[in-house]
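Just one chain is shown here, as structure tokens, and it is the form predicted alone.
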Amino acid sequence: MARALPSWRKLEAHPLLANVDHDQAARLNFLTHLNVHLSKTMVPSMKDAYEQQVKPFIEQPQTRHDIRKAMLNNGFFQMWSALRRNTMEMRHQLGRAIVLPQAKALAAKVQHYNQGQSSLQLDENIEQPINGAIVDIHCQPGGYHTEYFSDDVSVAASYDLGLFVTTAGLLGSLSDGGGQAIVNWLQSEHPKFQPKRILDLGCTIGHNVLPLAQAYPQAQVVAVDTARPSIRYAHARAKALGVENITFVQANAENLSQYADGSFDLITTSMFLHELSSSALANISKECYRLLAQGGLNLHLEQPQYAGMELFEQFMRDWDTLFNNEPFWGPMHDLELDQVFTKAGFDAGSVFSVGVVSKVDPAIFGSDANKGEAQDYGRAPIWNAYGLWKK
């Protein structure tokens, strides 16, 4: 059965999503489908290029870096890598071309939803940490924190558009697949666990915290990020989508002293750990332990660690470290996370790892999207969730 390709036109619009005309939508779809081609067609052939064209002519590799040095001269890898980098850069060029002419209007919409709301807490004294400012993360000009004028949210609005392109629709029409995966796993494996206070760290535009707030409507939810434009946009986006039980706070997760020990039953992150320096990861892990109530759960969605992984697979996964402005990706995935978490205070026996998956959005892939092969035709993203219960 042929699989339906994702279409940007099926992205679930909300009042804050930037307006996109016909030609811009066509360009977004082109980049989306190019990403599908790179991942589904070219990636499987990369191993063949290595095995047939490179490996016979080099010494036995000892690390992924040995493979990378050899593959840098391989034409197939050069083509794939250049295309992948260019799709990311073109995504941002297009996102900015769409958003910047609307920047003032988008800022006004955000102000409308945020006006007089105590559930948005900004702090002008919060500085962007070095791990978030050292480069333009994910090649996004200005990262997630740059403001070009007062109350600007253009970097957040551009990110909201571009997520669909880079992930090829696999995160769903609201790009909330990470949060949906957490909810699916909790409700399936721990249905009696009903958190009353939830904390989400590194929330950016709030896309992954919304499913948690919706799944536990009686819970008080706090979402934290250092990036001022992202927090403003996230709060307005949640309001526009009718989610009312989240307080968005501009703060550094390394120091959340405004909250008392044991304040939260559930603390989550979604693809956040790999954005952190080693010192920031250690500090945030300590804060997670301090803030978590007895019997509470700390759950981190990430890609799997490199330990025990085939060297070629490590090399492929490490592409982001060197070519996608994610300098902490490789170093973080080299860490023994169990040791990081136990040093933070967690009991070694409470640490676990589990795969969590969200369903494919039928609005994007058709009504048969969750039937057949593994319920999702292999299209649902699978995260390696690192969990820690506080005993």
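Note that residue numbering follows the sequence shown and begins at 1. Model, not experiment: these values are computed from the prediction.
FYI, the form predicted together with a small molecule isn't displayed, but the following is about it.
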Using heavy atoms and a 4.5 Å cut-off, decide whether 199, 246 and 259 all contact the small molecule in the predicted complex. no
Exactly one of 180, 154, 298, 270 has a non-hydrogen atom within 4.5 Å of the small molecule in the predicted complex; which residue is it? 270
As a check of understanding, the residue in 252, 114, 173, 321 with any heavy atom within 4.5 Å of the small molecule in the predicted complex should be identified as 252
Option from 82 to 90, 226 to 234, 288 to 296, 146 to 154 whose residues, in the predicted complex, bring a heavy atom within 4.5 Å of the small molecule: 226 to 234
Taking the small molecule as it sits in the predicted complex, is residue 208 in contact with it (heavy atom to heavy atom, 4.5 Å or less)? yes
Closest heavy atom of residue 158 to the small molecule in the predicted complex, within 4.5 Å or not? no
Is residue 265 close to the small molecule in the predicted complex, meaning a heavy atom pair under 4.5 Å apart or at it? no
Look up in the predicted complex whether residue 284 has a non-hydrogen atom within 4.5 angstroms of the small molecule, and give yes or no. yes
